[in-house]
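Each of two forms of one protein chain follows alone as structure tokens, named structure 1 and structure 2.
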Structure 1
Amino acid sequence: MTLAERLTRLRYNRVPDHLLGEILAKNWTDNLVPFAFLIVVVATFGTLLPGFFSTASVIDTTRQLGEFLIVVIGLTVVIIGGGIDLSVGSIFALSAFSTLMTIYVGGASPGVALAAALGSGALFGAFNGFLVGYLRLRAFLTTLVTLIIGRSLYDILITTWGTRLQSSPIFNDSFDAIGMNSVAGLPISAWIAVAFTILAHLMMSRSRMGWHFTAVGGARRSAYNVGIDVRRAVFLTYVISGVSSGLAGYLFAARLSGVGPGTGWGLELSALTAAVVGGNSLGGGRGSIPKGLMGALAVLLTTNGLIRMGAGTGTSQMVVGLMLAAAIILDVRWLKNRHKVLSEVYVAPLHHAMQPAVSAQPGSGTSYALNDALASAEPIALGTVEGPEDVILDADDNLYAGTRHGEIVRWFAPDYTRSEVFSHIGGFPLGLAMDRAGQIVTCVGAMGLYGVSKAGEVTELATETRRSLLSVVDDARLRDPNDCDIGPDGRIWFTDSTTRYDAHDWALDSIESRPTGRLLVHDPKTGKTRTVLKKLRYANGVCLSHDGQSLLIAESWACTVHRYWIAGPKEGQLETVIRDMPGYPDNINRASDGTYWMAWLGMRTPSFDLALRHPAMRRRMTRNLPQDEWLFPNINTGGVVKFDDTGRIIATMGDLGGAAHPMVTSIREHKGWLYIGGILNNRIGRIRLPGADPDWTSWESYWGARP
């Protein structure tokens, strides 16, 4: 390797480029824009204002933040539910008024006042909710009108009762304490706001009700069609917003113990600004409580900071307007381009130097030299099957294969012309295996490991494993389960090819050539699944050796077959059996003579091998070229290889014309025949194996002769 190539290797294999894409792919990066905003705001005012971070200042800020935050959170819930509540300022004022009336005219306790405040908030919210939810009026317009109704009601009340309220002889120390005192350094109102925020977040992210709100906001029609009570959900969002404004009004009354005609005036605009600056989409479905929190912080700190700087009339509007515009434009651009950016930066190729392969040229005389044996395979289900990645046969010689339509189809022996849908799974079944009881175990793409009983009933076996500590992508999920096999003790060993790409994006994984494949084991007795091996370059076929002591594992993009010992003195050790093959290995299965069959899904090419040593070139390629002009592994020619336990190649078969079996993903020997599957093929092929044991079946080789 030249120095330049070493440096390239250092650069691309040591710098974790892939993390950027993985982070961007996270849902929480939606919060990056508002979070950046918040940081900028805090940094700006922290620099401009001396004492911005002083304890007294922070405490007073949190006291005001409490009320504002609660209003914003209520509004956020409505917005997520696809509505809008402009009447929050009026509810706020009315609730503050009822609080003060209860205490200073009614002479009641703060608890009763709280009930009065929340009650009036809930009542007003229910009114809004009834109009918008049940009468299905337009939210914007309706709450605009209720805003004015509430405001004029409040003005009438304050005019009528204002004097009584102001001249009240009552002093209520416990009520004053709520507004003035602190617990553990934070004002009581701030604690209430914190508790309220956490509660709201749990409600929105963890409860059925919250999910319903999000569903209704995201797609009202779909929510209705899946049976969610849309009207009730909408109604409830407004009640929640009303209660929030009510609580905020109560805290406001406790803080200032007075209300005036201007109380809560214009609150709807600042609350709306906060919710939007936080990144909540108006129209619903996309938003969260933390976003509301960040927006509330950014807006309150800005207006507060500007007041403290003594800024002139209009400055605050200017800055908030600018902030809103910037936040919205950024958010819109982000939403629009996130996908593009993601697809640009997600692919982060590694330097991977493949060693020269033995030639597979027909007639080259090497053990890998391809012949044309598969071209004459006898077709089964020609043109009626799509994508039989793997095939398997039962004791009655019936043939099973998964299809692209999410089914396992059964063809009946002996001529395999009749077929039926054996079982509907819903995902693309890939690797198949059969356990002692005759149950089919299958790896379903993007779903997990499933069992299908003889009666065709589907059971979920494993859909997740333990999450790695430092992985950014959620590798608890089984993203690309590919092939499985069953040990003598019933444990199911299976591969998960990559944690970075979905099954249909396998080509991107090959271009990236990053080892993220895994070997996992599922124990049906305990129901537990754990990860056994990591860092495989597209972990693919897995096959239990004839002695039951080890597994043969195909690593596709490394063109390597490994042996992993699961029993005996070498248990837990990994050794390489075959390396530097000229083809990309796929499934491996047992052969009747004590050796193994292996499918080649494609052949290595010098051009792609060279590309693998030039990660920068591959990155440019994925960014600048349309997908159909990329360099891919050659999957137009595949083959079948037979090898023994030592890794010696015994035979190689191919289809040189590519008409019948260009790409082979699986092979299964059964009673003297070899059945051939291909994930992109429109048929299952079979060829007679001269000299093979005509009675040998794979099932018996695993589980012994039938009684």
Structure 2
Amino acid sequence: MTLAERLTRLRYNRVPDHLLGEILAKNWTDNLVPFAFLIVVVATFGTLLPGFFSTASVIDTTRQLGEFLIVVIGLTVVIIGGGIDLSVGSIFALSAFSTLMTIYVGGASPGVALAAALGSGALFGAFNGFLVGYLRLRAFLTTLVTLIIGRSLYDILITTWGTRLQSSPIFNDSFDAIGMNSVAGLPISAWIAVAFTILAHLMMSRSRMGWHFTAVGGARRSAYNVGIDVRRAVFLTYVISGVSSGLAGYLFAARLSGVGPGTGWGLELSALTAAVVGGNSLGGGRGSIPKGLMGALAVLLTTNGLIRMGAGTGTSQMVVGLMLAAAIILDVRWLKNRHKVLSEVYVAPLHHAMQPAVSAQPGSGTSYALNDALASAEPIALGTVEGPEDVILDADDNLYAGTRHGEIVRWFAPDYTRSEVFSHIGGFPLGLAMDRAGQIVTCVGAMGLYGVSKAGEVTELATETRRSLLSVVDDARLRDPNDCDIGPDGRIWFTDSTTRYDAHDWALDSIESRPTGRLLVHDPKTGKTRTVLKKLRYANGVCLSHDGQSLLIAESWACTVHRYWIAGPKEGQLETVIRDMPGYPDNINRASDGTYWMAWLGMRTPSFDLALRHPAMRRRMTRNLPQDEWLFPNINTGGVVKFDDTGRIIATMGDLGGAAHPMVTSIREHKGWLYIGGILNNRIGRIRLPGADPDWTSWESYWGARP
């Protein structure tokens, strides 16, 4: 390796370029902009205004924040649900008026006043929800109308009853305490706002109702198609917003013990600005309660800071309006271009120097030299099966394979002309294994590990494992579970090919050549799944050795087969059995003579081997060229390899013409026949194996009396 190549390897393998893409791909990165803006606001006013964060100032700010934040939270729920509520200021004022009328005119208790305030808010919110949700009127125009109606009603009421409210002889110490007292240094209103925010966050992020709101806001028609009551969900968002404004109006009335003509005036603009500045999308379906919290803090601090600096009401309103405009522009531009930014930075190839491959050309005289044996394979289900990635046979000689339609199909012995859908999985069943009871275990792409009973009933076994402490990507989720095998103690060993990409993005994973694959084990007795090995370049096939002491693991993009010891004196050790093969290994299975069969899904090419040494070129390729012009592993020509425990190659088979089995992803020996699967094939092949044990089956090898 030259000095230049060593420097290239150091640059691309040691500098964690991939972290930027992984961070930007996280949903919580939307919080970075509002959080940064909040920090700027705090730093600016903290510097320009001495005493801006003094104890007295902070207490006064938190009293206002309690009321304002609750309004923002309610409006945030509406926005996430795909709507908008311009009437929150009117509802706020009416609720405050209802509170004061109940106490200072009606002489009722603070509890009754709270019910009146919440009832006023809920009634007005339900009116909005009925018009927008059930009558399907436009939210902006509808709530603009209700804003005008509510404000007009409030002006009439305050004109009629204002004098009586101000001259009321009634005093209520409990009500005044709610507005003025503190607990542990914070006003009661602030504690109520904190509790309300936590409750709203749990509702939006952990409850079915919150998930429905987000789904409706993100794609209303899709939400309807999956059975969500869209009209009811929209209705409830406005009710929640109304109740929020009602509670805020109650706290406002408790703090000031009075209302005036300007109560709630302009509150809708400030609340909307806070919700959007916090990062909640006006398009709906994207946002969170913490974003509303950050936006509320930023807007309130900005408004108070401007007032402390001597700015008039007009200036403050103008600044809030400019903040809203900037937030909308940022939201629209980011939403439109986020995928472009991610495509620019997410793919981060490594330098990977493959050793020269031994030739697999026919007639080359090497142990890997392919022949044309697979071309004569007898076809099963020709033209009626799509993508049989793995095949397996039961004790009655029936044949099973998963298909890209999300099903496991069973073909009946002995001629395999009759078939039935054995089980509907939903995802793409990849690797298959059969336990002692004859039940099938399958890795389902992008879903996880599943069990299928002899009656075809599907059971979820594992969809996640424990998340790595320092991983940015959520590696708890199984993104590309690929192949599985079952140990004598019932534990299920399986591979997850990559933690950075889903199964359909395998080409990107090959171009990166980043070792993110892993070996996992699931224990049915405890129901727990744990990660055993990491840092494999596309972990693929896995096979329990004949003696049950170790596992053979195919590392596809490294063209390598490893042995991992699970028992005996070497337990926990990993050693390489075969390295730098001319083909990309896939599934591995036992052979009747104590050796192993391995599928090659494709063959190495000099061009891609060279590209692996030039990560900068591969990065430019993914950014500047359409995907159908990328250079990635050749999967149009593969084959079958037989090897022993030492890694010695015993035999190879191929389809040189590419008509029957150009790509092979699985092989299974059964009673003297070799069954062949391929993820891109339209058939299952089988060929007679001369000299093979005609009574040997894989199931008996694992669970029967035969060794």
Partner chain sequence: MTTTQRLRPRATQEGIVLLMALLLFAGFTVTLDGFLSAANLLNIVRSVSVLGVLAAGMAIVVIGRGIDLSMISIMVVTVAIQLQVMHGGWSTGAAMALAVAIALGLGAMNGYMVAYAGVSALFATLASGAFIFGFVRSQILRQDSITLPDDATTLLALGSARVLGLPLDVLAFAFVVVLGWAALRWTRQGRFLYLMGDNFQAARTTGIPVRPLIVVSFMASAVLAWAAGLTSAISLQSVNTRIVNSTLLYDVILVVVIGGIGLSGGKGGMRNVVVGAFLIGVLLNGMTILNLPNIHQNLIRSVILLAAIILDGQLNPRDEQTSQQGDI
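Start at 1 and count along the sequence of structure 1; that gives the residue numbers used here. Here, rigid core means the biggest group of C-alpha atoms that superpose within 1.5 Å across both forms. These numbers come from a predicted model, not from an experiment.
Only structure 2 of the pair represents the form predicted on its own. When the chain shifts between structures 1 and 2, R308 and W191 travel together as part of one rigid block. The smaller of the two rigid parts, set against the larger, turns by 11° between structures 1 and 2.
In this core superposition, G83 moves its Cα by 2.7 Å between structures 1 and 2.
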